[in-house]
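Next comes just one chain, in structure tokens: the form predicted on its own.
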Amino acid sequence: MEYKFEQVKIVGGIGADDEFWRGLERGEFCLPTCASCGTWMWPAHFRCGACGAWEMQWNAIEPRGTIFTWTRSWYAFDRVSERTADVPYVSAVVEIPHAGGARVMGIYEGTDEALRIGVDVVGHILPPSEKTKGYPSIVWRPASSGPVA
């Protein structure tokens, strides 16, 4: 089955981050800035917390940053039972210095030896799948591991 973000979009969400998901579907890692003052706004909002403007601009940027924190899941929780085969898996929050320090969550793919706070990582985008409930996703790998094959 081919998945599209628009078909599985969470009902009741405010939609401020829709362009993030659309960008991932296009293969682009996009984060927003305020169109008025240029402040990075992640998580996405409809109104800038710095100047109060309502318009944002989406920027395709390189998915590169450092691990801010991480956790290992040892159990496939009810709402992510699709990940049962991946248990245990690591989720990482990555700080993006060239996006105002925005912190973006994703799955970590790499060795335990490289899994440390502050390690440089690069992201690669996976297409929507059943495992990701129809959403595209970003996977973080240590920058030292080289490009994705």
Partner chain sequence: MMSKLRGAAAVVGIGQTPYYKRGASPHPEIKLALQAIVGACEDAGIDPTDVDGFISYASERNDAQKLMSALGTKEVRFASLAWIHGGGIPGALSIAAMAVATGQANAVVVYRSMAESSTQRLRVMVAQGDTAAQYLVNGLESPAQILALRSQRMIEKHGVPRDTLKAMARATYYHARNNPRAYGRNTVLDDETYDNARLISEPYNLFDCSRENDGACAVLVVSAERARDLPRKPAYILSAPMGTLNGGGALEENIRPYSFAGQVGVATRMWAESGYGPKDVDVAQIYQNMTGMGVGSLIDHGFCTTENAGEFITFDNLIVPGGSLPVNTSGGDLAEGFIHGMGLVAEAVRQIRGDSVNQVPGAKLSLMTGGPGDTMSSTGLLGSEETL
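In this text, all values refer to a predicted model and were calculated from it rather than measured experimentally. Numbering follows the first chain given and starts at 1. Here the rigid core means the biggest group of C-alpha atoms that line up within 1.5 Å when the two forms are laid on top of each other.
There is also a form predicted in complex with its partner chain; it is not shown, and the following applies to it.
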In this chain shown alone, the residue from A102, V122, I61, C34 with a heavy atom within 4.5 Å of its partner chain in the predicted complex is A102
Work out which of R26, R47, H98, R116 lies within 4.5 Å of its partner chain in the predicted complex, going by heavy atoms. R116
Tell me, yes or no, whether P43 is in contact with its partner chain in the predicted complex, where a contact means a heavy atom of each within 4.5 Å. yes
Is there a heavy atom of R141 lying 4.5 Å or less from a heavy atom of its partner chain in the predicted complex? no
With the partner left out of view, is K131 within 4.5 angstroms of its partner chain in the predicted complex by any non-hydrogen atom? yes
Given that its partner chain is not shown alongside this chain, does G110 nevertheless sit within 4.5 Å of it in the predicted complex, heavy atom to heavy atom? no
Near its partner chain in the predicted complex, with a heavy atom at 4.5 Å or closer, the residues from 69 to 90 are T69, W70, T71, R72, S73, W74, Y75, F77, D78, R79, V80, R83, Y89
Superpose the two forms on their rigid core, then report whether the C-alpha of P127 is displaced by 2 angstroms or more between this form and the one not shown. no
